[in-house]
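Next comes just one chain, in structure tokens: the form predicted on its own.
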């Protein structure tokens, strides 16, 4: 299969990631903090080594500020539900993923928070004037996707963060599409919390992600409660970080794979990976732009974006394009609303959605060429309407 759905999950994985997971599973992994035997201690060491590497990757020098989660969705739930209190005012952008919007809409429906939405343009870029207008001194939290998972539009987080901090508010960044592709330095950038998924940019297994907590955040309540491996006699969740947020048995093979993914990125060079992916998406963009029946959504070729493109073919439903690509050409893409209906309402593709193509670092030029030829065949095929 030609895999062009790296915006969902990266594939293939670096060899060192695969080898580390196989070794962890074959040798057996104990549970960190649960016992003093060799395998439990080894697992604990592996997790803490990965925690340190993750913290440093994001410019944090206190390891306890790097919290391991099960996904970016889990991290966003942990950040929002742990930070927001009844009566707080919260803002989110108009292109947020359901991981953010569903929990905030429910809180608004339950009259738990006051929620407002910051406008975005038809390409998915945040309206900074609207952000400044709606962010008041009473705003507790602003949630922004670093890059839209529908259009790829990359937000100016330096500017957005300054606006948020000038009002005394806090910024939560959904970095699911940008981690390990766009530099994020929490020590230098005006960001308070970052949620990320390991299985995308970090090349890790599915089932592991993280929440990075900046120095301004002090009152974050645990989202999950349960076993922590210490102070078991306590009737309530222990307070020390990071254990307070990591109740339950962690995904040791996943965290090991995350560590190896970060090492691969550091050795290869984040900038080299990003440049290679941008080169590939440019090939696809240039080809699609030359087809009269194809409409591309989102940023133009010279505007800031990550390596994914959403498009539609005139006369075709997105789901049908995806089905033909899969069944006839063995090409994997993402179709529909990509779990982000708000973004599709912004760009005018709701409710049908789009076809999203997202090559990865290991995608070959030959695979891109096959994809382009397949799209051209469909773009030149008139689909009859009965």
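Positions refer to the first chain, counted from 1. Because the structure is a prediction, the values reported are computed rather than measured.
Keep in mind that the form predicted in complex with a small molecule is missing from the display, and what follows is about it.
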Partner proximity in the predicted complex: residue 199 to the small molecule, non-hydrogen atom cutoff 4.5 Å: yes
Even though the small molecule is not shown here, does residue 280 get within 4.5 Å of it in the predicted complex, heavy atoms only? no
Answer for residue 257 alone: is it within 4.5 Å of the small molecule in the predicted complex, judged on heavy atom distances? no
Taking the small molecule as it sits in the predicted complex, is residue 204 near enough to touch it, meaning that at least one heavy atom pair lies within 4.5 angstroms? no
Using a 4.5 Å heavy atom cut-off, which of 175 to 183, 135 to 143, 264 to 272, 237 to 245 contacts the small molecule in the predicted complex? 175 to 183
Of the residues 169, 305, 101, 73, which one places a heavy atom within 4.5 Å of the small molecule in the predicted complex? 73
